[in-house]
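Here we start with a single chain on its own, the form predicted on its own, put down as structure tokens.
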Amino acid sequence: MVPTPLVAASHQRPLVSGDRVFSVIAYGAAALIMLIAVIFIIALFIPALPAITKFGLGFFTSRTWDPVRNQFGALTAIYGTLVTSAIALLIAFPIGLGAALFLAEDARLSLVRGPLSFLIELLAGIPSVVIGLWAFFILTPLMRDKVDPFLQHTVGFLALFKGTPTGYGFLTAGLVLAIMVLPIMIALSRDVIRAVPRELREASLALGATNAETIWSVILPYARVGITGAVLLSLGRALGETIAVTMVIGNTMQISASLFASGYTLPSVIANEFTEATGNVYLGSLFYLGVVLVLITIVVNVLARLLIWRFSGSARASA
């Protein structure tokens, strides 16, 4: 017979269990992501030190960008980045939300929903340089000859639509960004709307509500957290887009109220001038622009998290 202690020992769990190995791997992966983020920020911050030391926080409020005198400021590029991103969201949000509702709620699309969804995802995969090339040769002349003159003729009394239409400028860049963020907004919003429980739709319709009333009063309030996330993810894409915007915005360091005016964005400044940067201050200023762009991205993500917490709390309270 086998002694009792040996039998008990044979049924003991191994010293290193599978759960413990999985836990170590999961925590290690999370720690690695945090380490990569810290290393990236440090690697961006160190080359920017000459500009940070020289300009300090005044870099955010200065409109000067003069490589000859080594005087640099980010306000003009920040303005261009925010204006083009705002234009993109104003154009893309109603179109994207409407398309998402059409794909998710219209039962007549059962046969074509798959091909339409594939085309939307295909549009999201087009390289930005190809979109920029199309915008440069096709969209820009169209804006210069048709759209901008029409806007100037109809609403030219507004400061936003004054000036000489050249086809290049904030409006064209914002329109290009809207085209680029539409697939993300449509795909994410569609999936969020589809996730609304079917029982809520049926209950609303059973109480006598129309399809439009059901969408407005039931589906959109339930899906607003996910739709907000889709909008903010689209904003992140718009803030960081480089090549396509650089090809159509005109690349002029100025702040203008007119959407027809040329401008600059943070990514386009970096893309245009990194090969010409000479000296620690000039190169450091470009890295400082990268720091500013990261800070803007962090602010957007923090706002997104606060909005989600607020909406989630409101949803729980109403439930």
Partner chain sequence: MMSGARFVAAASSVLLLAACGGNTGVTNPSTGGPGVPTPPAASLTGAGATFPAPFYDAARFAYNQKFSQVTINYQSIGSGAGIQQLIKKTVDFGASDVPMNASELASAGGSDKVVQIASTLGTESMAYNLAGVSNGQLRLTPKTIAGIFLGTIKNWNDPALAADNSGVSLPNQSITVVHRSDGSGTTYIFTDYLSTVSADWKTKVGKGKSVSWPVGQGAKGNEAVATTIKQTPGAIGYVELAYVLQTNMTQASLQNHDGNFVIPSPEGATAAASQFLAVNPSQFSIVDAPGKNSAPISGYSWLMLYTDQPDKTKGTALVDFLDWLVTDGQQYAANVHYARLPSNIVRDDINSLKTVTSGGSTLLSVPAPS
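No experiment lies behind these values; they were computed from the predicted model shown. Residue numbers count along the first chain shown, from 1.
FYI, the form predicted in complex with the partner chain isn't displayed, but the following is about it.
The candidate spot formed by Arg69, Thr140 and Thr275 is fully in contact with the partner chain in the predicted complex: every one of the three has a heavy atom within 4.5 Å. Just one of Phe161, Phe136, Tyr222, Phe93 comes within 4.5 Å of the partner chain in the predicted complex, counting any heavy atom, and that one is Phe136. Contact check for Tyr282: a heavy atom falls within 4.5 Å of the partner chain in the predicted complex. Although the partner is absent here, Ser204 lies well away from the partner chain in the predicted complex, with no heavy atom inside 4.5 Å.
Mapping the unseen interface onto this chain, Trp65 counts among the residues with a heavy atom inside 4.5 Å of the partner chain in the predicted complex. Taking non-hydrogen atoms only, Ala257 never approaches the partner chain to within 4.5 angstroms in the predicted complex.
Picking from 164-172, 192-200, 224-232, 149-157 the stretch near the partner chain in the predicted complex, with a 4.5 Å limit on heavy atoms, gives 164-172. The partner is not shown here, but in the predicted complex the stretch 249-263 reaches within 4.5 angstroms of the partner chain through a heavy atom at Gly250, Asn251, Thr252, Ser262.
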